[in-house]
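Below you'll find only one chain, the form predicted on its own, shown as structure tokens.
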């Protein structure tokens, strides 16, 4: 409505955001927990004058910088590109609301980059105490960055009192802030330990040194698992009511919740019976298994966190179809095709006769050829539905969902979203525009398979 639509076939723009964001999260959490690991363990190795351990930590620091600073920075920029194209209105709201927070985050990000490079490239040239301090500067800057970004992303799920008091701190210290900071800090500790286990099992030949790394990393990883559990419980407690209602209404989310519990239990058991009780068990296969299960639990958790925001992108602030809730009455009166900036431009260019006095001319709309109605319906689909659904094929495609339905049945379904599908944005346009969308959806719906029992003929008025 406010911005031109960025069409991504099959996967949809939001799923592309999810893919990029999950990859970034798996790396960025290691950037936080791994920085803490390097700061603590470098201080320990200097204090014990353990030269072999110091040599390993230097190798690990190289791996850490390549993965978190180089690849992590690339995926971080990719997130901004994708959200700016796929969810421009939500991105605008977040930038305008938290411009001070983003500025702080960038300051700490610069500190992270500078201290990480100093920590690695000046290894052996700095006094031991100064070297450790640089490591702690990185670790603290990375954790503060996590806190700042978590406050903003938690705002998207539950802005609390912000809609009535639109100030930075009210939005930042939202009901989800503390639970998500606890959970993400725990995730950073756990994922960092799993990365360390895999790297150590592949790069350390000395069995005693490998067992040392295993023993030194186990307590943070177990603490991280506990923090994830506590933060996850708090996350659920502070969900908005409709977000809680989404969980039992979607079967896939119930399956995913079960998978998170199962994967977390597997990782916790593997940590306890492996590195904690039997450090010698640390092998590439065992470490890779733990990391894969850790990746799975975190990735599914991110999916659920995004899914329960429906029907919003920013809860109570921006609907999933990039429309502000306060715009709904105006669009219901004028229509989306005439009331949206870019939809109006399309109609004015292709069908100028349809707009009269800033509204759709319903008589001329009714006289359109079927092909033109389908074309306008496709425009409505892009702006109203494509933020969550592909068209005929792809992620959550709508075509197969309306298989066998008549245009009139589809139109009735569209107009009744508020009652039948509360997790979907309510219809924003006029009933006549719902008819256009119904014509388009019927055109892309696949036919019923041969041999299907229909139970009688369709009613004449629904054909």
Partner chain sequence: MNPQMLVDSASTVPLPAPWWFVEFFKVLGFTLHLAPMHLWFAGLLVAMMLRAGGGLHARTFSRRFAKQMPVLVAFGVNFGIVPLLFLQLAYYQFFYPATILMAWFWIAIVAILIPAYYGVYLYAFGLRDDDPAGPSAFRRWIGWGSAVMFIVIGFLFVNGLSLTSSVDAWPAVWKDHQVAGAATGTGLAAFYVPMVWPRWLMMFGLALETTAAWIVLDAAWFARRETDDYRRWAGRFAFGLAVVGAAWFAAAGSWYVFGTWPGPVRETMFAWPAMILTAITALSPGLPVVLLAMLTQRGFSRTAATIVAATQFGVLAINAVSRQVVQNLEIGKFTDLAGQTADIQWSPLILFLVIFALGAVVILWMVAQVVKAARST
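These numbers were taken from a predicted model, which means no experiment stands behind them. Positions refer to the first chain, counted from 1.
Separately, the form predicted together with the partner chain exists; it is not shown, and the next lines address it.
Visitor: Mark residue 163 yes when one of its heavy atoms lies within 4.5 Å of a heavy atom of the partner chain in the predicted complex, and no otherwise.
Guide: No, residue 163 stays farther than 4.5 Å from the partner chain in the predicted complex.
Visitor: Give a yes/no on whether residue 92 approaches the partner chain to within 4.5 Å in the predicted complex, heavy atoms considered.
Guide: Residue 92: contacts the partner chain in the predicted complex.
Visitor: Quick one: is residue 324 in contact with the partner chain in the predicted complex, heavy atoms, 4.5 Å cut-off?
Guide: Output for residue 324 is yes: heavy atoms within 4.5 Å of the partner chain.
Visitor: Give a yes or no for residue 66: in the predicted complex, does one of its heavy atoms lie within 4.5 Å of a heavy atom belonging to the partner chain?
Guide: Residue 66: contacts the partner chain in the predicted complex.
Visitor: Name the residue from 367, 202, 261, 99 that puts a heavy atom within 4.5 Å of the partner chain in the predicted complex.
Guide: Looking at 367, 202, 261, 99 one by one, just 99 meets the 4.5 Å heavy-atom criterion.
Visitor: Heavy atom within 4.5 Å of the partner chain in the predicted complex: which of 245, 104, 233, 255?
Guide: Selected residue: 104.
Visitor: Establish, in the predicted complex, whether 133, 341 and 344 all lie within 4.5 Å of the partner chain, using non-hydrogen atoms for the distance.
Guide: Affirmative, all three are within 4.5 Å.
Visitor: Heavy atoms within 4.5 Å of the partner chain in the predicted complex: which of the stretches 300-308, 217-225, 119-127, 266-274 has them?
Guide: It is the stretch 119-127.
Visitor: Residue by residue through 107-122, which ones have a non-hydrogen atom no more than 4.5 angstroms from the partner chain in the predicted complex?
Guide: The stretch touches the partner through 107, 108, 109, 110, 111, 113, 114, 115, 117, 118, 121, 122.
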